[in-house]
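The data below hold one chain only, encoded as structure tokens and taken in the form predicted on its own.
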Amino acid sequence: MHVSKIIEVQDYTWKYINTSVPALAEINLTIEEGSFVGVIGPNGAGKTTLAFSIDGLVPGQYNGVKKGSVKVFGKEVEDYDKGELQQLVGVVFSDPEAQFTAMTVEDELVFGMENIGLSLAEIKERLEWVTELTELSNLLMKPPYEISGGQKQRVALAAVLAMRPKILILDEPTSMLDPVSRGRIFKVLAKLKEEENNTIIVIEHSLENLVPLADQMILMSESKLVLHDKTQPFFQQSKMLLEKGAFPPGAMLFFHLLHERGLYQGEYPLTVAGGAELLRDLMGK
């Protein structure tokens, strides 16, 4: 199977105008098609600027100094025509209302599709697909401002998905949500991972839902990419994560503490269920 490098970032530094320190410094990163990537790190580490750089908002809508290159599908982001890259890369922000433009949920979902000139038949087909995927069918006639936070976030996600971008970036999509709503967003992402071939990048502080889905993880700290690895070996370096202010999920942290005390030597479990099973085995022995 041929795997293509869909995102290539080389020796990339970005400094916003009127700031003394670069938001990103000497970033090198390759992401292959179909990957599900989690991005973690403390506030101010450069995670959102990295997302903006991949979808062309940086430097498109921000002033600053750029060194190095950011390529999507082998083409420098600045070389895309206006609006062209945004059809390939969809971004969902933490505040869904910032993305709303329409008076009903249905209009919100249709707006982007009309903008890119899809036929009525294609719009209808995609609308059915995306409302089923995100469980929004019963909300189509409601104003997006009058629904719950979790529903708003699913509408924002559905509006981006309806455009069928090859790359989907979610920038802290669950930061304002309760655990149930958070679970629903990740349920949609799990379905996407299973059924579609999107490349998905999720910037997230809450890791319990993210870790079981992510094929690989990235740690950002102080404008730099500190660690990029497959999920399991990434979290085996929990000591480094903690030093950089990134907190692994509880089950991993528990086994990391056992490891530090010389009581456990194997791989850390990625889920609570996996941790419980591992603990039963250890107690049995």
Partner chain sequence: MNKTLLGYVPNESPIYAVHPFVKLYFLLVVSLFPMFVSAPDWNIILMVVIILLMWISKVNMSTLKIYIPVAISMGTIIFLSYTVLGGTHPEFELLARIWGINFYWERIRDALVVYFRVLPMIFTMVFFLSTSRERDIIVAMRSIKVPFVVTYIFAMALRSAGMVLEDFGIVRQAEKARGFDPAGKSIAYKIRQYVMYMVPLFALSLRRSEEFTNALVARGYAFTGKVSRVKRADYILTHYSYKYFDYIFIALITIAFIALLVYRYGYGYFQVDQSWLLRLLRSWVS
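Model, not experiment: these values are computed from the prediction. Numbering follows the first chain given and starts at 1.
Keep in mind that the form predicted in complex with the partner chain is not shown, yet the notes after this line are about it.
Residue 87 belongs to the set of residues with a heavy atom inside 4.5 Å of the partner chain in the model of the complex.
The closest heavy atom approach of residue 62 to the partner chain in the model of the complex falls within 4.5 Å. Residue contact check for residue 52: one or more of its heavy atoms lie within 4.5 Å of the partner chain in the model of the complex. For the chain shown alone, residue 112 is a contact residue for the partner chain in the model of the complex, at least one non-hydrogen atom being within 4.5 angstroms. The three marked residues, 117, 127 and 159, each reach the partner chain in the model of the complex, with a heavy atom inside 4.5 Å. Figure note: of the listed segments 94 to 102, 187 to 195, 209 to 217, 167 to 175, the one touching the partner chain in the model of the complex, with heavy atoms no more than 4.5 Å away, is 94 to 102. In terms of contact with the partner chain in the model of the complex, the residue from 139, 163, 133, 200 that brings a heavy atom within 4.5 Å is 163.
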